[in-house]
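Single chain ahead, by itself, as structure tokens, in the form predicted alone.
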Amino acid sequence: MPKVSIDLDMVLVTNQEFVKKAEDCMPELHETMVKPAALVDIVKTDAVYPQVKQKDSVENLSNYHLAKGDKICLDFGDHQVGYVTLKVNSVGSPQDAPAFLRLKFGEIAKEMTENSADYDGWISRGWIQEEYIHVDILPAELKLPRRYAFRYMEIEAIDTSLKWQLVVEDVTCISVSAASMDEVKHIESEDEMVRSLDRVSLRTLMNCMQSVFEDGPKRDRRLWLGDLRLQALTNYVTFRNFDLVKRCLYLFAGQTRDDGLVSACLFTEPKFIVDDTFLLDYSMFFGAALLDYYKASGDMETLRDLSKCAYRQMEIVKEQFDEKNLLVNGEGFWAFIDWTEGLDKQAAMQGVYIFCTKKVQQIAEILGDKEKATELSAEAETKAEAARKYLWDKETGLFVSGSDRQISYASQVWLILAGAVSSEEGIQILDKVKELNPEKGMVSPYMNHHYVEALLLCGKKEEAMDYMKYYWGGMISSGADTFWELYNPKNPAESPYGNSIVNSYCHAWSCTPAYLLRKYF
């Protein structure tokens, strides 16, 4: 199990004014009734992803009489986030025993072929979307209280009796989101894959837009700062829901650690509270996200309100540098960067610090704080100079990280995005790391997004497009309706949790092709 930075004795400071401003931006969710599109069979094969075969029209649903052990699978045609209602009845003799049902929901077909009893991962099996229900009296209407994220729904009659069978007469889902597809114009292109990248990205973002920008509507249903920054960038060029971003920024600033550090994530139910997980890269991204919001919305009041919080994140992280002006590796899981196992994060974090320092410098400039802007400009250059002096390996022409001088994609990408090298140098670095193909690659759409942005920053537009088609297009080719939390083309079944049944298959940080296509293409 990964180590996580937690503090059981953490003291929180709440700014009630900020919390009130966040609550004033609570969205009203759009509701859409959706019915299943078809009855299907999901066939497990030797391949990682099973085959989905249409079995029957959903209009014939009530023709299926379910005795003990019988099951049916419904395909809703696309990824849904919402509340399910079933109308069930019986046929045959009078009901002489309760109906015992098992309901299983899956975001992708692969989940439907996995046995939850085999799960032995390190995060809670409570995330597996599976219900066992007794119905004493039929007919009945079952309004399931939980919210589900799914495309496929399996209904199994665990038991009825020998004298009667179960009939499912109707199934509906009230899908919910703070956004609507009616609010956005899809990209027009003669390239079908480009259209698919956009469509799936938009669906991903829309289904993560709830009372906050959730990281995943199946799991974790929380607001994470790193995810928020990428969701917000995509939102600005698509749904343009500025109030939802504003709400999230005020929530993060509304409750911090007693030293002012912003948490990596927060909960909104049963009450608003930050998590005891702190990731330094995520904390630094608060300032970058605030600047992006201001540039998109022009909301000077929010920029002024939250600027001190943005400044404070950089002040706290500044204390983590050594005499060489290099960020010191801390104990445990001190930064995210990517899920890549064994990744040394020092160089990448150096890049994130420089990147975010420059973003916060822009905030100071906009607010007319010349002294703070000058201080941050000098700080960014000092840390960039240290990266060039101590982290640059002349032999390979690449940046290295940590005492073992590890070479990874993440180190190169973040120091390029930080502007620690010129665009021309960045081109050479990207070519060399691709040729070297280091062991420490990239496994999350989050890290892959930043790789594509580095390509685009260096003018490698055609290569960036090809890579988007390879990476996000690989998920589409594997049946994705929404983009996933994790996708490793070299190991499609990979999971950071010990079993892919708890992977999130609609995940916030993977929605960015819609942003990249609109900004750069």
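One-based numbering along the sequence shown. Please read all numbers here as calculations on a predicted model, not as lab measurements.
Just so it is clear, the following notes concern the form predicted in complex with a small molecule, a form of the same protein that is not shown.
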Triplet Phe286, Glu315 and Met349 all within 4.5 Å of the small molecule in the model of the complex via a heavy atom: no
Position in contact with the small molecule when the complex is considered in the model of the complex, options Lys345, Arg219, Lys246, His79, heavy atoms within 4.5 Å: Arg219
Phe321, Trp334, Tyr83, Trp339 - the one with a heavy atom within 4.5 Å of the small molecule in the model of the complex: Trp339
4.5 Å heavy atom contact, Glu107 and the small molecule in the model of the complex: no
Interface membership of Val274, the small molecule in the model of the complex, 4.5 Å heavy atom rule: no
Exercise: Phe18 in contact with the small molecule in the model of the complex, heavy atom 4.5 Å: no
4.5 Å heavy atom contact, Asp215 to the small molecule in the model of the complex: yes
Listed range touching the small molecule, judged in the model of the complex by heavy atoms within 4.5 Å, from 278 to 286, 404 to 412, 295 to 303, 161 to 169: 278 to 286
